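In the form predicted on its own, a lone chain appears below as structure tokens.
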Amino acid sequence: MTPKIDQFLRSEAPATPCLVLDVDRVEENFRRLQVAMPLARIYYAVKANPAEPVLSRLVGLGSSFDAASFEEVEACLAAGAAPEHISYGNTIKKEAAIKAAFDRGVRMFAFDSEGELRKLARSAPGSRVYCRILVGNDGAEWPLSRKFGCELDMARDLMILAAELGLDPFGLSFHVGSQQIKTTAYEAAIAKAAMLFTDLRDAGVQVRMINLGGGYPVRYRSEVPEIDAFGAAIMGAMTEHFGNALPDIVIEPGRFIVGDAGVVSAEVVLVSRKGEDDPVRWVYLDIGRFGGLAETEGEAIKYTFRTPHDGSEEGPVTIAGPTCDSTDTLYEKSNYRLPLQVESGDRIEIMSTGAYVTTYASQRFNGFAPLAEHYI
């Protein structure tokens, strides 16, 4: 909760549910990341929040951009980003989308399979390409499993093939999972990538870039390491494995840039119990999993709540959304407690919700409109 957001909520009392995001905090977070990792080129992960005010501010700060779709490429270009500062980082792309991005001037693309590589050779000839490798996600509160990336042996063969197909085998990438709270995850992944760098150079492939992905955490209910700790661990590992011959370093922060810049303001729709003697109240909000809080799946991301009654006596609660789908239950097992005075009609703020909430929101499930957005 920044002072600007707090003042806006008090003075404007916008209709709920809504996101209020302080764009100055976005800039502050971007600059903090620059200080923590001064040798890294920042490619903002557009999927975290693609709002024009966010993109425009980051363009002005000299950021580059990681796009997951051609639509995100277009959004970056519309905000003033130069095409050479956009990486098409999704390893699963329609060939028409590859060609469209290439035609708009994008020249850096990710891949993790031979099929994707051959699409790039046909529709983005001569482009810089980087291969995503599989690494561990231990420590990530929102792991990315095995959907993206390939094993090292396959990555080696694909990078050699990339050169044979007339592409520029520019580098390697990995992602240690979103909301990663262990600095050691980056250290282990860098060591793994460094081994492949050596193998590729021995094979005559001059890789020059390592993309460390995103995952840098923000504080929700629990403390997390500061970004300086991640910067020190990452640069220490890079120096250990690459010495003075450091490759170009790319990072793709999303959550860290916008997460704590936004607050969702919601309304309590109902407070009830399932039995007369049940100590657990059910607190239903006018926003839930289908309204944008999808990262509560499995109670993975644990948001903090602010109520008008904070400081008074509390009791256990289950927190749920407003829809008729039973999976629209946010927290039932994570021992949430809210003031006993909370009642229907109260406004509740959900903290650090600037990342992913707007883009996860469904299009009128049960008729509910997507949450409103206010950028200040």
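Counting begins at 1, following the sequence as shown. Note that the structure is predicted; figures quoted are calculated from it, not measured.
Keep in mind that the form predicted in complex with another copy of the chain is not shown, yet the notes after this line are about it.
Annotated contacts: Thr91, Glu297 and Thr359 all touch another copy of the chain in the predicted bound form [non-hydrogen atom within 4.5 angstroms].
The listed set Tyr220, Phe148, Phe197, Phe102 contains one residue whose heavy atoms approach another copy of the chain in the predicted bound form to within 4.5 Å, identified as Phe148. Comment: another copy of the chain is not present in this chain, but in the predicted bound form one of Gln34, Ser334, Ser344, Ser56 has a heavy atom within 4.5 Å of it, namely Ser344. Proximity of Arg364 to another copy of the chain in the predicted bound form: non-hydrogen atoms within 4.5 Å are present.
For the chain shown alone, Asp6 is not a contact residue for another copy of the chain in the predicted bound form, no non-hydrogen atom being within 4.5 angstroms. Although the partner is absent here, Glu349 is not a contact residue: none of its heavy atoms lies within 4.5 angstroms of another copy of the chain in the predicted bound form.
For Thr184, no non-hydrogen atom is located within 4.5 Å of another copy of the chain in the predicted bound form, even though that partner is not displayed. Only one of 123-131, 224-232, 202-210, 69-77 lies within 4.5 Å of another copy of the chain in the predicted bound form by heavy atoms, and it is 69-77.
Contacts to another copy of the chain in the predicted bound form (heavy atom within 4.5 Å) from stretch 265-282: Glu267, Val269, Leu270, Ser272, Arg273, Lys274, Gly275, Glu276, Asp278, Trp282.
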